[in-house]
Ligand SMILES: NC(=O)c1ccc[n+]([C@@H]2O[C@H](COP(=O)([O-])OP(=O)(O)OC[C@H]3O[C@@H](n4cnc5c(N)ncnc54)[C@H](OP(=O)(O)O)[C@@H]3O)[C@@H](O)[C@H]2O)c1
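Only one chain is given next, in structure tokens, and it is the form predicted alone.
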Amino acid sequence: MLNDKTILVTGGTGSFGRAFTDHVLTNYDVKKIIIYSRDEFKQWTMENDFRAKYPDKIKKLRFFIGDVRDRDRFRRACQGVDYIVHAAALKQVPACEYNPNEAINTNINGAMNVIEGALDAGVTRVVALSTDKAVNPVNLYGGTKFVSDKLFVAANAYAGEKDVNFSIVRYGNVAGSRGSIIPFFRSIIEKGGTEFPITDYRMTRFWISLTQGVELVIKALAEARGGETFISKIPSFKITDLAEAMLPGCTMKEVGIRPGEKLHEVMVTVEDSYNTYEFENHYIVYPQIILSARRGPDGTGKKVEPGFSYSSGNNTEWMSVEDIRARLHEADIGH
């Protein structure tokens, strides 16, 4: 369904954008992928990397310098676009706490610019990347993404008779992504350290790879009817087990939870359970207000029980130390 389509990726030079572009160029014959971001050096680096890997497909890539905060610039970028994947955001929790206006301008006002640009340009599908931190938010980053999610759901009400829908994909920190726990532990090992600081021995997280994140976005592009939040079924792991997997026999020191940090990643709350359906490999949270018949549940999923919740702490699928070590080796991110 991506063949002969023009796709715009905001924040396209980030980890997700690069992985998404690589996956699409490998598996589909798209018309064009527009990489929309504000860092010209990252665009230059990405263009060179993809020119070397895909010399016969580099002509399908367009590098468009711009910021989602800039409404006029983004509208220009949307011309002729079929699908938008919105990955641009300010994501660092401490930075958002210290610079709240900047987080609001990018994560909320920028989301509105994406919505209006898509509606005005005749874009047919928009998928926005969310985060577990938007669920019962306890920090500003999570708060801005909570509002962003609400904006993308509500955008379906403004579509009218247009052939366009807006949906959301939600997952936590990607394994090995910049700023996450794996690179932090790895830096300690590389410096010869043998003790890992653990904020709380009870802490758990979900394990999702970049590839799984990309595949979930493509599923949303293909199957969304408008307003859904797609959530992958993925395994959980204990942070203490991750430390043992990366450095067998290491010591650990509990240092206390940081401001804005949670014990577990939460993807579906008890309150969401009344609108959540289970599928073989994922969940879908439908909007509380179904905007039209074509945007409600399609009857293929199974409604979860009232009171259901889905978090890394109550998951039914867990990774052992050996499982984690195998995944680290497979992805080449633990050493």
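Residue indices: 1-based, along the sequence shown. The model shown is predicted, which means the values in this text are computed figures rather than measured ones.
There is another form of this protein, the form predicted in complex with the ligand, and it is not shown here; the text below is about that form.
- For the three marked residues, His23, Asn27 and Val126, no heavy atom of any sits within 4.5 Å of the ligand in the predicted complex.
- Using a 4.5 Å cutoff between non-hydrogen atoms, Tyr171 counts as a contact of the ligand in the predicted complex.
- None of the heavy atoms of Ile284 is located within 4.5 Å of the ligand in the predicted complex.
- Among heavy atoms of Thr13, some come within 4.5 Å of the ligand in the predicted complex.
- For Ser37, a non-hydrogen atom is located within 4.5 Å of the ligand in the predicted complex, even though that partner is not displayed.
- Proximity to the ligand in the predicted complex, defined as a heavy atom within 4.5 Å, singles out one entry of Ser232, Thr131, Asn165, Asn113, which is Thr131.
- For the residues Ala220, Leu242, Ala88, Cys96, the 4.5 Å heavy atom test against the ligand in the predicted complex is passed only by Ala88.
- Across the options 65-73, 297-305, 50-58, 269-277, residues that bring heavy atoms within 4.5 Å of the ligand in the predicted complex belong to 65-73.
- Along 175-212, a non-hydrogen atom within 4.5 Å of the ligand in the predicted complex is carried by Ser177, Arg178, in order along the sequence.
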